[in-house]
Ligand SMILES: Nc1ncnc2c1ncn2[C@@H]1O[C@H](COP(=O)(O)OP(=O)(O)OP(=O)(O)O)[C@@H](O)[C@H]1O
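A single chain comes next, written as structure tokens; it is the form predicted on its own.
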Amino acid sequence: MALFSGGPFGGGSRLAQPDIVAVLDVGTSKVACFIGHMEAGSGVRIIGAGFHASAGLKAGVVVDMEAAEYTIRHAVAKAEKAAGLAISSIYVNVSTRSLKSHHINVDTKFSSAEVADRDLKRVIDATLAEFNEPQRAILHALPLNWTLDGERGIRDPRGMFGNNLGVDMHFVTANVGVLRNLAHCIERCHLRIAGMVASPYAAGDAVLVDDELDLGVTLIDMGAGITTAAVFRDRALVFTDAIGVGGKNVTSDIARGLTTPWEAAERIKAIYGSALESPTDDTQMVPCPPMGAQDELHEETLCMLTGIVRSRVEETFEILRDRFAAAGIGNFAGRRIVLTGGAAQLSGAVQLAEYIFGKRVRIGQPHGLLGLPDTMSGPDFAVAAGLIKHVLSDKSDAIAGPPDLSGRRIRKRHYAGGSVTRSLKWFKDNF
């Protein structure tokens, strides 16, 4: 997985350490790096962690290559110093508004009467051949359900007998251009990308419990620049989506609404911000620093601030609710929602989510990690914590390693005459 050396950025001799991995959470507000390994009989142990305030990144997209490179280098250097080693390869999250789900169903005949590994591989290869979108890269290819001679709901058909084998495959994809820029930025830091994981998929590994994964749960990761969502059912990721709204939008609204500098608005949000009204909001005043040197400190009512915050958070949840309804997964997703990410810590977010979605809602914090610093154990570090658990666990992804960003596989399939066959009623037909 990763190679290590004695110097801070790859100097000295290298020694293979296949049991140690490094992950990188690239976000709008911060970049976090965790280094850890699987400890026999105990679980995942963090041996080094570090983070740095983001620059050059916006809504999961690199907007300034040099600034983003500087941020990543410093976050990685802090983790390397804490771990006492240097890394040369890393797993990175993908949090962009271009994250999408695609479902493809393929059914094929096979010659042998007993299903073997080669039959599974042939069917999975057939679904990969059906996906033909040159501008999108596949992050995850997850077999959800197998069918054998028309019988659905089979989790592992190996050893069974039949003549027709099919699979319902879930693809998670993102825009190739966004991923290329992110990969190039990381490579400029002298790091090799070992794999990419969708942020809400990773966060689920950090904060969800077994019963939620079995019965159905929706995870909403509320970041600074983007909000991503994932639906899990029967321990499988079945849907992902993303919208370009996050905690920084709330801060920007406060700065405009209260006519105060952006830094002051961020502090006001942290101290006074809430998405729920209270009877005393009209009488409480919020001090607002002036925009310029000639202006004077002024005050606005807490009621005004709460209205600004509630409007933006409410809009975020309503957009997601409508997206879930359009995808037909409202009831399929169960009766539970877990909020995570830095913006999820905003006062009143849980209660407002319960009102908008009509479901039980809780805040998710990372669990199951040994050696995780207290300062990095909150919801805002859920993606980084989930990334390292995801990498060190046994996942059923049909694609290993980093995604194909060259487009060679897509061009090859397109030349061979492959076509995309989607089922617009996938959830209705299969569940």
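Sequential numbering from 1, following the sequence displayed. Fair warning: this is a prediction, and the values are worked out from it, not measured in the lab.
Here the subject shifts to the form predicted in complex with the ligand, a form of this protein not shown in this document.
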property	result
Partner-facing stretch of 203-211, 344-352, 81-89, 175-183, counted where any non-hydrogen atom is within 4.5 angstroms of the ligand in the model of the complex	344-352
Selected contact from 285, 325, 236, 270, since only one has a non-hydrogen atom within 4.5 angstroms of the ligand in the model of the complex	270
Residue (of 313, 226, 137, 141) lying close to the ligand in the model of the complex, criterion heavy atoms within 4.5 Å	226
Residue 248: touches the ligand in the model of the complex, heavy atom cutoff 4.5 angstroms	yes
In the model of the complex, residue 222 touching the ligand (heavy atom, 4.5 Å)	yes
Any non-hydrogen atom of residue 281 within 4.5 angstroms of the ligand in the model of the complex	no
Partner proximity in the model of the complex: residue 365 to the ligand, non-hydrogen atom cutoff 4.5 Å	no
Within 4.5 Å of the ligand in the model of the complex: residues from 364-397 (heavy atom criterion)	380
